[in-house]
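Below sits a lone chain in structure tokens, taken as the form predicted alone.
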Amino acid sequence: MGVADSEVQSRIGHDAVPDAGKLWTDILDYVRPRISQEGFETWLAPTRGRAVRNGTLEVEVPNSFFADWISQRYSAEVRAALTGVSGQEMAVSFQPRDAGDSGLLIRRSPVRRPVLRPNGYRLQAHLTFDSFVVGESNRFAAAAARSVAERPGASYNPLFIYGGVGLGKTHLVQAIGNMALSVKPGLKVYYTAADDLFIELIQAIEKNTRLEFKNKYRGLDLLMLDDVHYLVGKERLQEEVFYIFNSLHDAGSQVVFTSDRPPQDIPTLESRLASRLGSGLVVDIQPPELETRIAILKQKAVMDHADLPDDVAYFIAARVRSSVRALEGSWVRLLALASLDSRPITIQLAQETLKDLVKEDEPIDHNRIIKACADHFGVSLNEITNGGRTKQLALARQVAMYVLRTTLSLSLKEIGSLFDDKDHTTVMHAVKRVNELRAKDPAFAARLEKLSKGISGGEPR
């Protein structure tokens, strides 16, 4: 427990009958830094402590939908807050303002994180391959991850997955752990983030338990280390990761890493460690294309038992392009406000509720994309669309076809018609080749990402 947590507990921990409003406010103070700001403001900010009766803190929420959502999504954080700040054996009951609804109960428990599997795996059971939406932007990474999950240590060892924030890296590595355990329940599997590993190492040094620390990690069959870019500037931690990796790899155990960039681009990383991280298969995840973004929204709606019309899904997906996390955040907010106002989910409601989250960008048309690709490769618009078979022109044309496909979700026939009526098989080959180049060549992948961002207004070309 940190200093701030101790101060909160000292204020409320010994009250015989705590004030409900103050107690819930202190619990919210505990929870706030542990979840996203958007999640807190949408779901927890509209709640208030109402009463304490028979060892239960009654919390008023707008309706039964809120009660259900908070119970499902934030139960671990609320349990941790109860343990951290109440100082008493107490439960929390979420009570909708409508007296006809029944409250959902979250009982006191020392759990601090949503760890839904036993035996300390630190895996969230809902993060599986079945719940991961596969598109052109992540197809290779998903296939590699599934292969590793089916036969840990047999291929792609180590597996290194990189990509921007909120694109699904953590989901994929958790899915690896969940599938590996379903195939072989006896596997010693562990997931951790690099910053948590750093804290664990510090505690081991302080308590003189480094041998236990080493044995814990070197005895694993499958280790998934998230956000290894956090190793920057931490020489001691880099050394430990280096030796842990060598020990596991020599024993035939599987290691999976994630980062926001490829190994060779992580600054101040020891060369020997960078070499180890990139010694297996390095794959990337790109921001999802339009059709994948729509599929993600549709899947979320099904999971939340909500009706999401196609036009609303397109409205959100066409405007939120940066990450899966931003996409899900927009959906969550729309769903919450629809529930609050008892309104159907429509374009009008989406425009009202998401106006500060999404911006009206200049529509992207096919001419703008083709012109941007031509400029990027230093060729003319006529050359890229009509003629020329030089290597530079061929690549420029293939990239343009790929961007048209992933950004506008045009059909193969539609794209071919823009390039002197090329056959759909030619377009299919172009998309496939660009995907292969993107997977094999990090420099090309970075160049492609920069071009795509420039077209969508993310940064200069």
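None of the values given here were measured: they were computed from a predicted structure. For every residue, the number given is its place in the sequence shown, counted from 1.
One more form of this protein should be noted, the form predicted together with adenosine-5'-diphosphate (ADP), which is absent from this view; the next part is about it.
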ask   = According to a 4.5 angstroms non-hydrogen atom cut-off, is F94 in contact with adenosine-5'-diphosphate (ADP) in the model of the complex?
value = no
key: Exercise: R325 in contact with adenosine-5'-diphosphate (ADP) in the model of the complex, heavy atom 4.5 Å   = yes
task = Give a yes or no for S75: in the model of the complex, does one of its heavy atoms lie within 4.5 Å of a heavy atom belonging to adenosine-5'-diphosphate (ADP)?
result = no
query = Any chance S131 has a heavy atom within 4.5 Å of adenosine-5'-diphosphate (ADP) in the model of the complex?
reply = yes
inquiry  = To test your reading of this chain, name the stretch in 368-376, 270-278, 158-166, 211-219 whose heavy atoms come within 4.5 Å of adenosine-5'-diphosphate (ADP) in the model of the complex.
reply    = 158-166
remark   = The one residue among L308, L127, A336, V282 placing a heavy atom within 4.5 Å of adenosine-5'-diphosphate (ADP) in the model of the complex is L127
The single option of I296, L181, A80, A144 touching adenosine-5'-diphosphate (ADP) in the model of the complex, heavy atom within 4.5 Å = I296
Stretch 169-183: residues contacting adenosine-5'-diphosphate (ADP) in the model of the complex, 4.5 Å heavy atom cut-off = K169, T170, H171
